[in-house]
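Shown below, as C-alpha cells, is a lone chain in the form predicted alone; questions about how it binds or moves come after it.
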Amino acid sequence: MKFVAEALSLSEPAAKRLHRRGILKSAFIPHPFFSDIDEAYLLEKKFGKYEEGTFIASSHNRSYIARGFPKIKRTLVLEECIKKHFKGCDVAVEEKINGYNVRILKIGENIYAVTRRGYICPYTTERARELINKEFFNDFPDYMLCCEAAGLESPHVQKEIYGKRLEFYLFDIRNTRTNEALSVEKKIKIAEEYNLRLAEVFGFWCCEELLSNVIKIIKRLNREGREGIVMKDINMKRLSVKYTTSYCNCSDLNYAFRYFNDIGRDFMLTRAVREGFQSYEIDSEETRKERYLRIGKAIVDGILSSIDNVIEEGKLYERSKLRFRNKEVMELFIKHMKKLARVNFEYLGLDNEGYHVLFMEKQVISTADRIKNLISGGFW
C-alpha cells in the first residue's frame, strides 16, 4: 500500500482507509501473463484530483499510475455551444468511435490495457500486444495511448462497421501522471510515425466555420451508422465536447427497450431528449417525420426481439464471440469476467486463428422474468 500512498501523495494510513472503504480496489488477477506487476489498484470513484478509474501499479520497486479518463462534456445544441465554448480558437473535429475506452501503457517490459473502470483486461491486453508498436513507449515512457477498442469481436460493444477483429482507435495521448494531453497535431504526427490507427480527424476549423461543417459531418455519420463526433481545441487546453448522431441515440433506445426491466429509466430518457433537441436544431419538416418513425421502430423492435428470444430460448443474454491466441489468456479472461459479472461461456473450438469462445453475460434476468409473466397472462 506504500506505493499507492506515494503515487496519490497520501499518507500510508490514508491509503489503507481508502482500501477499507472500497474506494481503492484490486485492479487485476495475479497471473504470469501480468508478469511485470506485483500489485495493482484502481480508484472506484473520484478522489481529490484523481479521476474515477485511475490505475496504480507496482513493478519491481517502481510505481506506475494511469490517470482516469477526464469527463467529456456533451452538448445538445451545437450552435450556441460552439459560440460559447470555442470562441477564438481553432477546433479539430474527430469521430467518436462506438466501442469501449482503454488506456494502453508499458509497465516493465510489456504493454498493458486498462479499461475505463481501471481494470487490466486480459483479452484487450493480448490484442494490444499484437497491434501496438512498443517503440512508442520507449520514446515516450511517461505517456499512455487513450484508445477506443472497437469491432465485432468485442466483450462489451459489438459493432460490425469497424470490422470483425478488435482494433484500437487512438483519440488522445496523455501524460500518465498529470493527464495533460498532447496537441491534436502532435498526436497525428506520432500516430503516423508509429503506425497507430487514429479515430478519424475530419478537419480543422475556426469557430465561425465550425457549425456548418459539423452538421454536414453529423448527417454523413448518421447515414453510415456511426456514433458521433468530438470537438477539440487543437491545443487541448479547453474541455472537449461530444455530440451523437440520431443513429446512435436510436441504437441506444433499441438496446434499452430490449432490456426494459433492467436498464435505468434515466438511460432511456436522456436518449429521447437528445433526439428532441437535435430535431429542434437541424430537422426540416420531412426529416422530422423520418425521425419519428426511426425512434418508434427502435423502441418497438427492441421489445419485440426480447419477446422472441424469451419465447424461443426462455432466457435473455448479452452475447459476444471472442478469439484468443493463448489458452491461458482465455482462461484468465474467463476468471476476470466472472469477477466483474455473472457470465456463462461456451468453448467453440480451436483453429488457425486461435481459441474461440462464446460469452453470455447474465445481466437481463429481470426483463426475461417480466416477459415470461406478461406473455402468460400476468399483470403489469
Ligand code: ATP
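A quick note: this is a predicted structure, and the numbers were derived from the prediction, not measured. Numbering starts at 1 and runs along the sequence shown.
The following text describes the form predicted together with the ligand, which does not appear among the structures shown.
Of the heavy atoms in P70, some are within 4.5 Å of the ligand in the predicted bound form. Within 4.5 Å of some heavy atom of the ligand in the predicted bound form lies at least one heavy atom of E227. For the chain shown alone, A199 is a contact residue for the ligand in the predicted bound form, at least one non-hydrogen atom being within 4.5 angstroms. With a 4.5 Å cutoff on heavy atoms, E95 counts as touching the ligand in the predicted bound form.
Proximity of R74, R116 and E148 to the ligand in the predicted bound form is complete: all three residues have a non-hydrogen atom within 4.5 angstroms. Note on the partner interface in the predicted bound form: the residue among K164, K83, K219, K242 having a heavy atom within 4.5 angstroms of the ligand is K242. Among T176, N110, S251, N101, the residue placing a heavy atom within 4.5 Å of the ligand in the predicted bound form is N101.
Stretch 230 to 238 is the contacting one of 299 to 307, 230 to 238, 84 to 92, 276 to 284, since its residues have non-hydrogen atoms within 4.5 Å of the ligand in the predicted bound form.
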